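Below sits a lone chain in structure tokens, taken as the form predicted alone.
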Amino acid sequence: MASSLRDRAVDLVGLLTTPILPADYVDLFDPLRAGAELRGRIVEVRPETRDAVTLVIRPGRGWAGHTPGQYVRIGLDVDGVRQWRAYSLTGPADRADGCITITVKAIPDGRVSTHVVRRARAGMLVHLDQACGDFTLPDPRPAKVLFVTAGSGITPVMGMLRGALDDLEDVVLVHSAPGPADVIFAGELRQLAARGRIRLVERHTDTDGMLDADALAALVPDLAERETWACGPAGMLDALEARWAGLGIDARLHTERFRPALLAVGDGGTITFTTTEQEVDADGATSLLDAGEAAGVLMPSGCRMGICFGCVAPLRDGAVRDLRTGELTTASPGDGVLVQTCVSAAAGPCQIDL
């Protein structure tokens, strides 16, 4: 009876306050409460380099935790539009204060990353998904480990080092950045090296050139004996995968890409976004997502690598090509075909229901 009366009271309040619901008022006072939409509050913004910052975030009570090396999708409003991006978790899973950290590097034309680096402030709320990803250390830990990173590729590896270094006996980290001042987490990494916890090899591309597989083999002669985790630009990862496969040790190489490996390029075509009636001419290497955003179409997105399915949209008519595999997907009106806009490109004229 008490529960029924409480439910009726809530319904009555809802009628009186429509379109604002009672839960909306509660969100104003306790947005991180259990049962609420998962969010987090930024409690600290910590500069790392001239174009990278670490956000310390207190997640809501629905946060299920993470394994170092995983990533989390965060949503925030940029110019009035909710944008979602995926960032690696850079802290251990058992911080005493219960907070999580992500580290964001501003990239050219990066709407969200630039917004975070320039405008994020303590007290701001962000939307969260649960942690995802399998770029993690196994249990039991390997005896000998090699990490190969470049630029912001250090971020998932930093999570592993902070969360599991005490369990690792022999660690080599080869990290590439334009110059010494561009190394994210430079002070902490160099301290670990000075204390003998890791062997750190810094490569500065402005003076040393790009890191390639041959250079890596010279820097780490015993790499074939090491379980390896690599994260960085696609070209570097492609070269490492080819070298490890050639040595017959590809099972020992684990890679994390911030962008999907794009293998197939077609002829492109005219993309029609049916909701806004906008038409965009795009080449065969430009994803539907990028083409739509460039034209100002409101496009749902998430990881932008074909993993999270946050960008799925109906293909009403026409054909698109999967940029990872070259596979064609076609649809006619009424077929109900869904495509991932972040890894699909026009393969002739096509209509997307957005």
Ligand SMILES: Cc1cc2nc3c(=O)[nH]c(=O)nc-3n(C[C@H](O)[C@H](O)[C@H](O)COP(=O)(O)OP(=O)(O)OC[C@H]3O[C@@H](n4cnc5c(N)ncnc54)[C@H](O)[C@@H]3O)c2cc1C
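Given the structure is predicted, the values throughout are model-derived calculations rather than measurements. Definition used throughout: the rigid core is the maximal C-alpha set that superposes within 1.5 Å between two forms. The first residue of the sequence shown is number 1, and the count goes up from there.
Just so you know, the form predicted together with the named molecule exists too; it's not on screen, but the next bit is about it.
S.K.: Which of these residues, L200, A131, A186, A86, gets a heavy atom within 4.5 Å of the named molecule in the predicted bound form?
M.R.: By the 4.5 Å criterion, the partner-contacting residue is A86.
S.K.: I'd like to know whether T255 contacts the named molecule in the predicted bound form, with contact meaning heavy atoms within 4.5 angstroms.
M.R.: Flag for T255 set to no.
S.K.: Is L161 close to the named molecule in the predicted bound form, meaning a heavy atom pair under 4.5 Å apart or at it?
M.R.: No, L161 stays farther than 4.5 Å from the named molecule in the predicted bound form.
S.K.: Is G110 one of the residues lying within 4.5 Å of the named molecule in the predicted bound form, judged by heavy atom distances?
M.R.: Answer yes; at least one heavy atom of G110 falls within 4.5 Å of the named molecule in the predicted bound form.
S.K.: Looking at the partner-bound form in the predicted bound form, is C303 within 4.5 Å of the named molecule by any heavy atom?
M.R.: Heavy-atom contact with the named molecule at 4.5 Å: present for C303.
S.K.: In the predicted bound form, which of the stretches 152-160, 119-127, 207-215, 246-254 has residues with heavy atoms within 4.5 Å of the named molecule?
M.R.: One stretch meets the cut-off, namely 152-160.
S.K.: Rigid core fitted, is the C-alpha displacement of E293 between this form and the one not shown 2 Å or more?
M.R.: It does, since the E293 C-alpha is displaced 2 Å or more between this form and the one not shown after the core fit.
S.K.: Establish whether a shift of 2 Å or more occurs at the C-alpha of P59 between this form and the one not shown, with the two forms superposed on the rigid core.
M.R.: Where the cores coincide, P59 shows only a C-alpha shift between this form and the one not shown that is less than 2 Å.
S.K.: Once you overlay the rigid core, does the Cα of M305 travel 2 Å or further between this form and the one not shown?
M.R.: False for M305: its C-alpha shift is below 2 Å.
S.K.: By 3 Å or more, the Cα spacing of E293 and H127 differs in the predicted bound form; is it closer or farther than in this view?
M.R.: Closer, not farther.
S.K.: Where do D290 and R82 end up in the predicted bound form, Cα atoms closer or farther than shown, with a change of 3 Å or more?
M.R.: Nearer in the predicted bound form, by 3 Å or more.
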